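Here we start with a single chain on its own, the form predicted alone, put down as structure tokens.
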């Protein structure tokens, strides 16, 4: 399929192609268009960030689906509501998506998150806890059995991506006894799995989305390695739009030279803004904000689709981002963080 060929970096200016219409999704697309109107506006989030305290920020949610019970101002209640909203949007996503493999693909996000937790705790000889996510394809209780000492033949059969992630993570850890290598290894397995599934699903949109994700992860990794003065040039993820040599070269340059290095890429503003803020404030707030903004911009480009799975996927991801932003603001207000720091992160 010609349009699934991986695009060179100069084949698009800001965002890669999102694919065409799929008229099977006419009703579903119309439904999420209605739900998009009900999402919190940028102005509402900024008002929350500028509120004097947690109570005032929470009150601003009173007319939304995140409203606290009457008289409730406890953060535990906030967390419960946010978890309910996330569970609801994921259930809606499952109901609206006609292609079950796509639903299974997004559920693997929780599987990989659970694996990170399980492998980290096992390698550091800390007891396995119960705070796993239950939204994956593999039940959390089975994740624990991966590391049990029972007869291998009595263990459940796990999906290939689970087996591969565990093997790569354990191997990476024992090579240098560095706990960070676990995350790098699982990130790599997850990234390659996502790309394979996007190609198998013949989804131009998902392929572009996952390649952007890889690039943004590599940008964060480059800046973190520079900031910590770590020499680990082989931890960048393969499969993005940007060649890995550019990131490796960035490790050798000063912060002021990173923007020009990425000038011919769609990520110039992210790198330039993030690097300058990191150099002056010793903080990653701005690069995280810029990465979120870029990815959200790509998701919003699905407005060009009249009917298709792209708007359904975009709504799920934008709604999850909204929930994370509400949690971030309320957590910051509860802990009395400076308003400027909150604004630097979200705007």
Partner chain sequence: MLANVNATRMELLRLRKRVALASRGHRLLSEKRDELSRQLIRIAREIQPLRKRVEAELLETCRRFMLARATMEPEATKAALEVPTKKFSLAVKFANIMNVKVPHLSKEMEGEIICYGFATTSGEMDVALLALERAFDNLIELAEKEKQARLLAVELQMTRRRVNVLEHVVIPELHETIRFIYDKLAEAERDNISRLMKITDIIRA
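Since this is a predicted model, take the numbers as computed values, not measurements. Residue numbers count along the first chain shown, from 1. C-alpha atoms forming the largest set that superposes within 1.5 Å between two forms make up the rigid core.
Here the subject shifts to the form predicted in complex with its partner chain, a form of this protein not shown in this document.
Student: Each of 121, 282 and 288 near its partner chain in the model of the complex, meaning some heavy atom within 4.5 Å?
Tutor: Yes, because 121, 282 and 288 each have a heavy atom that approaches its partner chain to within 4.5 Å in the model of the complex.
Student: Give me the residue from 164, 183, 80, 99 that has a heavy atom within 4.5 Å of its partner chain in the model of the complex.
Tutor: The option sitting close enough to the partner is 183.
Student: Which pick from 107, 269, 224, 249 sits with a heavy atom within 4.5 Å of its partner chain in the model of the complex?
Tutor: Comparing distances to its partner chain in the model of the complex, the residue within 4.5 Å is 224.
Student: To test your reading of this chain, name the stretch in 200-208, 108-116, 138-146, 241-249 whose heavy atoms come within 4.5 Å of its partner chain in the model of the complex.
Tutor: Partner-contacting stretch among the options: 108-116.
Student: Just checking whether residue 179 would be counted as a contact of its partner chain in the model of the complex - the rule being heavy atoms within 4.5 angstroms.
Tutor: Yes, residue 179 is a contact residue.
Student: Looking at the partner-bound form in the model of the complex, is residue 85 within 4.5 Å of its partner chain by any heavy atom?
Tutor: So residue 85 does not count as contacting its partner chain.
Student: Should residue 235 be classed as touching its partner chain in the model of the complex when contacts are defined as heavy atoms within 4.5 Å?
Tutor: Yes, residue 235 sits close enough to its partner chain in the model of the complex that at least one of its heavy atoms falls within 4.5 Å.
Student: Could you tell me if residue 168 has a non-hydrogen atom within 4.5 Å of its partner chain in the model of the complex?
Tutor: The answer is no: residue 168 has no heavy atom within 4.5 Å of its partner chain.
Student: Rigid core fitted, is the C-alpha displacement of residue 120 between the shown form and the other one 2 Å or more?
Tutor: Comparing forms between the shown form and the other one, the residue 120 CA shifts at least 2 Å.
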